[in-house]
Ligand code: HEC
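Below you will find one chain, with nothing else, as structure tokens; this is the form predicted alone, and questions on how it binds or moves follow later.
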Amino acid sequence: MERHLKWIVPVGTAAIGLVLGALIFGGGDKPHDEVLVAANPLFSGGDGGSLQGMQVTGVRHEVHDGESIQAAVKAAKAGDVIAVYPGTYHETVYIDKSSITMTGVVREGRYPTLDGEKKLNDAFLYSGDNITIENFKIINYKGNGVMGQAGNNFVIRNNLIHDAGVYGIFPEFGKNGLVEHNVLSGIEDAAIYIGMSDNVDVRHNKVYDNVAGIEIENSRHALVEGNYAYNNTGGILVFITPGLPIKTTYDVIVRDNFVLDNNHENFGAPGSIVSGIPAGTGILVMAADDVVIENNIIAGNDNAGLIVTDISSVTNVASDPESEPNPDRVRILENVMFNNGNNPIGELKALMLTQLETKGPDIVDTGAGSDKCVMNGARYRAYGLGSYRPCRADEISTATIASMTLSAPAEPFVIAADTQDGYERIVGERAYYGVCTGCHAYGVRLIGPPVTEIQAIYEDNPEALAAYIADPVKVRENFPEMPPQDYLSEETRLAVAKYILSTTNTDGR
């Protein structure tokens, strides 16, 4: 049996359609002042990978103030462009088909604005492959500005996102993506959150006044380059969250970023993992492997400029024995660090007092791990680098790596199963990875309650859980309200409910 599942696994493999904007990143909170929409343009960024040089192949649909963006998506076919003109739109846009370009037309500084009015959960939800979302202003949502659910070959760029809820830009379980030239603020978890994804570039974004600026979580082959992260609780985080199906984070380059004055009070949901990030953290590497920190300016972060640590510093490593807890093969190359550690807090403050110091370090390593190196380590105020060796000549500079995106588009996912039960399990797993794990880890609290608690409540009653997924009721005062997932088909909701109740946290990779 070979089938495609609408919404989670949409049909379509046509080329990505991109619309060229004026890509100007710099002062102010606008990534550009005007966008001109051209026919069959070429994307000007990247280094020749699969997200460059793709052409618009379909027709153009226009949406004007007072009209419905979702209606245009419903009418669109693979390869089409949906051009949204300035105005205010109060809706959630579901993109459950592939090869669609959503482009805002910006005129005289006026953006098409999606305003959730603190009533709606999400602005954009996409599950298709080859999706572009660009040139929108997104404000006042409760959940996510842009969330990708198991979609490959995505481009999210030139958007202004403020107060969009838990995550600003959140591609989940996707492969081959580009997130660039966005400005995000006021997000209560992560402004840009790359979750369980592979081959993603995060470039030239401005993130400020968030709990976390940029997170690379349980993801592989990522480039974080040329971003401006300031006045967040934590600027840039590269880490493993225990309890998720994908157990690793590795092959991450963090270079050429400005990571400044990330001293914002932590306003994450109490009890969530992100609520444990200490204010004043510039860059945090937690349990991730093969991470390179190169050519960044890291300054004014009151706790520490760069923290390298294991999982136990934030959460209970025993909750997921499948997650290797230590950061291995971390490379700290040439960076500029100054004026960090002026007001260390919590465990780091206590640690420094044992050294008769009241000031925190530029670099601190409180974890184990192996084969870590530092270049010109004597120039930094550092603690815990005794196990580090000098970096070798062949480990110095990542200049030959221009992008982590693929040289050809990632293939679409196709469900192939011999039985109905096998098909249903694949559907449930796919929905769990692409939707549920954004908020639910297996044995620890992420945003919502752990999967183990859900299993205890519903036991052998997947029908009741599927009904709750479609129409949840807030029952826990110290947890955020779960948004309804009624856009998922009835078939998918039941499949994911069965998968949640049967998973053992060893099904991942």
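The numbering used is simple: start at 1 and walk along the sequence shown. Rigid core (definition): largest C-alpha set, two forms, superposition within 1.5 Å. The structure presented is a predicted model; accordingly, all values stated were derived computationally and were not measured.
Not on display, but discussed next: the form predicted in complex with the ligand.
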query: Segment assignment from 435 to 443, 191 to 199, 67 to 75, 258 to 266: heavy atom within 4.5 Å of the ligand in the model of the complex; finding: 435 to 443
query: Contact label in the model of the complex: A467 to the ligand, heavy atom within 4.5 Å; finding: no
query: Touches the ligand in the model of the complex: V59 (any heavy atom, 4.5 Å); finding: no
query: 4.5 Å heavy atom contact, G448 and the ligand in the model of the complex; finding: yes
query: is_contact(L488, the ligand) in the model of the complex, heavy atom dist at most 4.5 Å; finding: yes
query: Those residues of 450 to 477 which, in the model of the complex, come within 4.5 Å of the ligand by heavy atom; finding: I454, I457, Y458, L465, Y468, I469, V473, K474, V475, R476
query: Rigid-core frame, C-alpha of D65, shift of 2 angstroms or more between the shown form and the other one; finding: no
